[in-house]
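So this first bit is one chain, no partners, the form predicted alone, shown in structure tokens.
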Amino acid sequence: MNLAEYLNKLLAIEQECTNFLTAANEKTEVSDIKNKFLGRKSELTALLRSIVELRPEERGEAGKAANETRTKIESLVNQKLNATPENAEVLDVSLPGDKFSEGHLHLTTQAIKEITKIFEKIGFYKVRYPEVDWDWYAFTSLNFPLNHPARDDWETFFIDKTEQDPKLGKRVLTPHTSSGQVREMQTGRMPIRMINISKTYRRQIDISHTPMFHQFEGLLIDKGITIAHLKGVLDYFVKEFFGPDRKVRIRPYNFRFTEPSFEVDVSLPDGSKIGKNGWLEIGGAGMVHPKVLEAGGIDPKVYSGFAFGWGVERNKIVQKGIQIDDIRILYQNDIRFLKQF
């Protein structure tokens, strides 16, 4: 072996050691590398002992190069030891990657799916009608007089300042899903067992109202339909959605599109801050007014029916296990709140 070969072997040892140290992730690995390249049985130690095999004039340079290599390897090992944590994880590139966290449906969407499923069990079908509708469908066809307070600018969001159609009038952001009643009647589909779930808009905001909210409209029209059928459907829904221990009551009221009309209340759990005396009004209901049937092209002497319209969010916030005291928080997009559900 000559001097050139000796120096090349030193460079190869140094490069190999560097490669091992780069891949090491734990202190135990670094210690093993130190023994491999600096121990008594290491290749470097054997190379130092083989200097005597060189010509006398080459031994000085070879010894100097060997000592420099040993010093450099010691320095690299110590740097790696200081930089490596005691319990550093070993990177296994064959392991599958971490899964991205998944979100979940918003409370309102959850409620819409629950409500739809409940009514599908008793033969109702789901429809969807425009959120931007005509005054005629939202008010006139539902027996609202021209001077009714609901047609005031401070109650309803009107899109047009003036009438756009001689019959249909102005366009509005629909204030209730009841605007879909006559549209459904005009399809000619009988009997009608409709659930219409959509966004609705009113100029109201407090702990139990928001300017935009979701409402679901139930409409059943057939021969021989009575208040008894309405009460049975209300009882069924409340037991299914709120729980078997909750109760429903109806109170006489006045709606333009039903006669007789009722407000519907559901009993509240103890400690609820919403409602009065343990009850919360969740919507309106009643028997479809004969004039509304006529507006939809249905003979009120042959058919009768009932309708109800309730707020989706208003129902959801008092469902068992929810108990939200301010409906507005549903639309504040606070991730700390949303993650709870």
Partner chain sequence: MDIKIPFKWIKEYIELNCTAKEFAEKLSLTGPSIEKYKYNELIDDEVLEIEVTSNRVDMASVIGLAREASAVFGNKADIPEFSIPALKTEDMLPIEVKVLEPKLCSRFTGIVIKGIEVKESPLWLKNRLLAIGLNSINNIVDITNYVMVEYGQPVHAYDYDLISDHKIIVRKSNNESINVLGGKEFKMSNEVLVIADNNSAIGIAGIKGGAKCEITNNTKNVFIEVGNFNAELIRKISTKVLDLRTDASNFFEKGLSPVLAMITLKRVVELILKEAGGVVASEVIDIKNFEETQKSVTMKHSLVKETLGVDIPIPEIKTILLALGFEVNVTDEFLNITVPYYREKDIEFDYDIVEEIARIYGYEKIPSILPATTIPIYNVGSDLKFEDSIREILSGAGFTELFTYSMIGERELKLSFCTEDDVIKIDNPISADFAFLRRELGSTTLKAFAENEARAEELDFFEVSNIYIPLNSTDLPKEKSTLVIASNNKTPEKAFLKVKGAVEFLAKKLGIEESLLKFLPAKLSPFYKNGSSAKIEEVGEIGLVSSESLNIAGAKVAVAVAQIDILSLFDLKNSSQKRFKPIPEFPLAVRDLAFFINNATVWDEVKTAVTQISGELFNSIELFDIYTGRGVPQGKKGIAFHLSLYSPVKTLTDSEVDLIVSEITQKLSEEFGAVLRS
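Residue numbers count along the first chain shown, from 1. It should be emphasised that the depicted structure is a prediction, and the values quoted were computed from it without experimental measurement.
What follows is about the form predicted together with the partner chain, which we do not show.
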Looking at the partner chain in the model of the complex, do all three of 244, 270 and 325 come within 4.5 Å of it through at least one heavy atom? no
Is residue 338 a contact residue for the partner chain in the model of the complex, using a 4.5 Å heavy atom cut-off? yes
Heavy atoms within 4.5 Å of the partner chain in the model of the complex: does residue 176 have any? no
Quick check on residue 76: any heavy atom within 4.5 Å of the partner chain in the model of the complex? no
Does the partner chain come within 4.5 Å of any heavy atom of residue 287 in the model of the complex? yes
Since the chain is shown here on its own, which stretch among 329-337, 6-14, 20-28, 315-323 would lie within 4.5 Å of the partner chain in the model of the complex, judged by heavy atoms? 329-337
Residues in 214-244 with any heavy atom within 4.5 Å of the partner chain in the model of the complex: 214, 220, 222, 223, 225, 226, 227, 228, 229, 231, 232, 233, 235, 236
With a C-alpha distance change of 3 Å or more, do residue 142 and residue 153 lie closer or farther in the model of the complex? closer
Sense of CA distance change between residue 308 and residue 153 in the model of the complex, threshold 3 Å: closer
